[in-house]
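So this first bit is one chain, no partners, the form predicted on its own, shown in structure tokens.
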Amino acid sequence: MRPFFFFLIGLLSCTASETHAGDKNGLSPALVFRPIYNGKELSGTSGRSLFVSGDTFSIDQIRFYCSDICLLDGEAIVWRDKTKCHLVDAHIPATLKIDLSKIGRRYTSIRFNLGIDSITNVSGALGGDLDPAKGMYWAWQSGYINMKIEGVCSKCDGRKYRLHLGGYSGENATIQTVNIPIQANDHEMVIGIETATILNEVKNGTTCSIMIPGKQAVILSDLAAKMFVPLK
């Protein structure tokens, strides 16, 4: 009995060590977004700016769709979110944390889409986070806005910038895939949204307004995907 007993204990120990720490004690992992600007964490309540630099620059709104979340072990998908998409709003702290169901498997990276896929876009106005009342829907011809970033910039006409990035058809498709390695076995996977990556384009006065699908939206959407970085 004793050799079998020690073999069983060893087998259980190996299995436990291959499971991500987020599954210990029955806990489920969570994806946490932290908007930052040049490394400084942003926070704000409704009606207040997330970041202000004198009277020359501010970040007043950050909203985006996070869809088709998957956890991967290498190239293999080991878990897929049952909720199709989540609307993340920097002014609503509850939306910055997405609870994931218990995995029970080892995973090494997280993957999600920044934006809404073409099939959902041509399905018409939907409910939940996709409800047009959320302010992220143009029209059936143009579909959903994948990301909104708005604020004040003294170098822009009218001192306002509005980046509404969307478009799903052909060369105007703007959905982006983001893949983040899991750096540590923590219960929470914390991903920074480094807004300076895209807002440097605004601060130099070259891009202040994108309100329709097109080439500019595609270029800025590709840059927007690079905003997402692992924080731990």
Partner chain sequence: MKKWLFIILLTGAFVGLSFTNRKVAFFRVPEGWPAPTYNFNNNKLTREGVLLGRALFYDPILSADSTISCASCHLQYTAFTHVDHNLSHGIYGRIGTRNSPVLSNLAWSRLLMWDGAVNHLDVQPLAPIANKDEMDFSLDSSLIRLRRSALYPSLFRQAFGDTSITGERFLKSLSMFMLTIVSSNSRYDQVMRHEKGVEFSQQEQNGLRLFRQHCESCHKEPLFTTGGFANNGLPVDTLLRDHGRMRVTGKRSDSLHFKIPSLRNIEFSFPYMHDGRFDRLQQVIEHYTSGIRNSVVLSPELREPIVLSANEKVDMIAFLLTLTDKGFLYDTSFSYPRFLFMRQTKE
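Residue numbers count along the first chain shown, from 1. It should be emphasised that the depicted structure is a prediction, and the values quoted were computed from it without experimental measurement.
From this point on, the text means the form predicted in complex with the partner chain, which you will not see here.
> Among 74, 127, 93, 158, which has any heavy atom within 4.5 Å of the partner chain in the predicted complex?
Replying inline: Checked against the cut-off, the match is 127.
> Since exactly one of 33, 57, 64, 168 fits, which has a heavy atom within 4.5 Å of the partner chain in the predicted complex?
Replying inline: For this set of options, the contacting one is 168.
>> Looking at heavy atoms inside 4.5 Å, which stretch does the partner chain contact in the predicted complex, given the options 158-166, 108-116, 95-103, 138-146?
In response: Stretch 138-146 is the one.
> Going by a heavy atom distance of 4.5 Å, is residue 123 a contact of the partner chain in the predicted complex?
Replying inline: So residue 123 counts as contacting the partner chain.
>> For a quick check, can you give me the residues of 60-81 that have a heavy atom within 4.5 Å of the partner chain in the predicted complex?
In response: Nothing in this stretch is in contact.
> Knowing the Cα distance between residue 162 and residue 140 changes 3 Å or more in the predicted complex, does it shrink or grow relative to here?
Replying inline: It is closer: in the predicted complex, the C-alpha atoms of residue 162 and residue 140 lie at least 3 Å nearer than they do here.
> Which way does the C-alpha gap of residue 140 and residue 81 go in the predicted complex, closer or farther, given it changes by 3 angstroms or more?
Replying inline: Farther is correct, given that in the predicted complex the C-alpha spacing of residue 140 to residue 81 is increased by at least 3 Å.
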